[in-house]
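Listed next as structure tokens is one chain, alone, in the form predicted on its own.
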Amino acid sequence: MKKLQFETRRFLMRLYRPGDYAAWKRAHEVMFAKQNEFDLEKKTVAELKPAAFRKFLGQTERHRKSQVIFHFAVFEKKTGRLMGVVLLALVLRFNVQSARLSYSIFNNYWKHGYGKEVVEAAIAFAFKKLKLHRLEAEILPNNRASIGLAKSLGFVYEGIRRGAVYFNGRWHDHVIYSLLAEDRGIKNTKPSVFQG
């Protein structure tokens, strides 16, 4: 599992473990109430019980084994605090070698540049370790902060994916931004299958 982790100067991104329950529970307890339409919903007391964490852990493990989603927890090295998540989702192999990249820094840690630091490391991990060729960021059209981050990291606008994601009772359009390994000077031209 060690190969399924990456880090920055301040953060370690790795798969969740059974021993992470206390950090996971605390992280959700200290989050602020939902700040905007793009923010995570604050979990209820029932959603923070050990059984809920075990269910979540089982789900993330099934996703990892099937290589559909790699769900990374973002831990601050200095304190051990859980501060967010990074997902590499819908990982496609064979002659495609792509994934959808998404992230969330918990709202009580916003406005410190953590998101950019974490996503930059995730990009390097995806291209250098997982040997992916293409990353996509799928973003709601009015989420200016996420669009700004994608652009600042070199993602290129490709268009709109109509009715792409279902939540809050309806289908939503998303704008698509992409980044290729070559955009970062990495030549992942020959497809390979990562065994994680």
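Small disclaimer: the values here were computed from a predicted structure and weren't measured. So that there is no doubt, residue numbering starts at 1 and follows the sequence shown.
Absent from the display: the form predicted together with a small molecule. The rest refers to it.
**Student:** Assess the spot marked by Tyr103, Trp110 and Ser146: is the small molecule within 4.5 Å of a heavy atom from every one of these residues in the predicted bound form?
**Tutor:** Judged in the predicted bound form, Tyr103, Trp110 and Ser146 all sit within 4.5 Å of the small molecule.
**Student:** Of 163-171, 50-58, 24-32, 149-157, which is the one stretch near the small molecule in the predicted bound form, taking non-hydrogen atoms within 4.5 angstroms as near?
**Tutor:** Stretch with heavy atoms near the partner: 149-157.
**Student:** Taking heavy atoms only, is Leu130 within 4.5 angstroms of the small molecule in the predicted bound form?
**Tutor:** Output for Leu130 is no: heavy atoms all beyond 4.5 Å of the small molecule.
**Student:** Given that the small molecule is not shown alongside this chain, does Lys116 nevertheless sit within 4.5 Å of it in the predicted bound form, heavy atom to heavy atom?
**Tutor:** Because a heavy atom of Lys116 falls inside 4.5 Å of the small molecule in the predicted bound form, the answer is yes.
**Student:** Using the partner position in the predicted bound form, report whether Leu135 sits within 4.5 Å of the small molecule, counting heavy atoms only.
**Tutor:** Contact check for Leu135: no, nothing within 4.5 Å of the small molecule in the predicted bound form.
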